[in-house]
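The chain that follows stands alone, in the form predicted alone, written as structure tokens.
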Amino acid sequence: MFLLPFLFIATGLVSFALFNITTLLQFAGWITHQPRSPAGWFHVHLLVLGWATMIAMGAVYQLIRVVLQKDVFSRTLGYVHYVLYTVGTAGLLVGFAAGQAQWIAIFATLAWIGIVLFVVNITLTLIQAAEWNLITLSTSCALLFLFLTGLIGLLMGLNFAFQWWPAWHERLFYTHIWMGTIGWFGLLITGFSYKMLPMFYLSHGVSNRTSYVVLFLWNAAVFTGAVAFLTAAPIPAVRAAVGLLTLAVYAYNMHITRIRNARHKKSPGAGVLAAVYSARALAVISTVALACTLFAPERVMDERAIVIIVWAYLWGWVALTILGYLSKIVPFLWWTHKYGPHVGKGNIPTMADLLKDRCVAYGLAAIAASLVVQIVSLGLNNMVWTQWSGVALSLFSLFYVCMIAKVFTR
């Protein structure tokens, strides 16, 4: 089973490095330009599809086995999924960079077929296991929203190439962003955190009641937002979706606090702490977004405001959580593969020896600090500081991803 998650995680790390290298080569200039441009589409899809979704798929193949104590339904289907999704994403990125609409349509179709195979494979794994709990239910909901996000993205690609439904482009665009960011990433991260956090804090006996509330509110927020954007509903409908999401985030943080209060381990490691602190930051981000819908409704659909909120959500919570969890997942994956068979046969390193926690802490702190400067700079419309902080963010991210990749050499 090692090879399948390894392929996804290794490809995701390469994509993350490529994202940061291309950002450095442009002195982070693409961040200050219009987001709906070839450079903007290329970088955002490289980050979201090439890195975050690629890593998330690899983590699902690895963690679902830990959760269910069963292998995935079909490894062969997993490898076919990897090839189609990787080729489709690479071609899609080339299409965005070159501004070739037909390339975008063709490779978006390939990437979507890869997503469908992933959804089918994991869904059949869950059905076979028939073990329904918070983690499997959250994963199922996340898979549904990934499928719908990919389907809407495919429709947008076809519409972009053939202009079949020009009047629906804006509605599909906002629904695509909402379902992908809030539905897919949100439910997958919260779902696997119900396993990861108690495991690394050594917390026992924490009630799941609050997390079921999170699951209900989060799904309600995704459905409400999707319907609001698809029907071009007035601002109160968007406000309701953001309000539901904010309530879900507060309940999620409450559950995290209960896990920490029940811990038997003082520190779970810098990576897990980063996931916890980024969840606190998410509460601030969602509160600010809700305040905008209440006190500045005319700014809610403003492109600049959307860019800042989405950037804060993607980097401040999704990216920091993934980077934090990678510091645990990669050493576990590699140590189990390389040293697991040698346990009891001589001196072997521990998992902690593969990646120094102090370096993880420094790397994540530097990324978080440069991100804060960048978001403030974007808010103040200070392009010079936006670019400098973007350069710093990419440099620290490159340092971090090299540190994670180095685990595979030990």
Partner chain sequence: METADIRKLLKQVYDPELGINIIDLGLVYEIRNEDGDVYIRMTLTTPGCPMHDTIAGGAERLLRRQPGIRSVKVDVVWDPPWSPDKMSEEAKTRLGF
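Residue numbers count along the first chain shown, from 1. Note that the structure is predicted; figures quoted are calculated from it, not measured.
What comes next is about the form predicted together with its partner chain, which is not displayed.
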Do T86 and its partner chain come within 4.5 Å of each other in the predicted bound form, heavy atoms counted?
no
Looking at the partner-bound form in the predicted bound form, is W335 within 4.5 Å of its partner chain by any heavy atom?
yes
Using heavy atoms and a 4.5 Å limit, would one call H169 a contact residue for its partner chain in the predicted bound form?
no
Can you tell me if M199 lies within 4.5 angstroms of its partner chain in the predicted bound form, counting non-hydrogen atoms only?
yes
Check each of A361, A368, M351, I375 and return the one that places a heavy atom within 4.5 angstroms of its partner chain in the predicted bound form.
M351
Residue within 4.5 Å of its partner chain in the predicted bound form by heavy atom, from R299, R209, H204, R75, is H204
Is it true that K195, P341 and G344, all three, sit within 4.5 Å of its partner chain in the predicted bound form, judged by heavy atoms?
yes
Per contact check vs its partner chain in the predicted bound form (non-hydrogen atom within 4.5 angstroms), the hit among 160-168, 243-251, 261-269, 313-321 is 261-269
Across 62-85, which residues bring a heavy atom to within 4.5 Å of its partner chain in the predicted bound form?
R65, V66, Q69
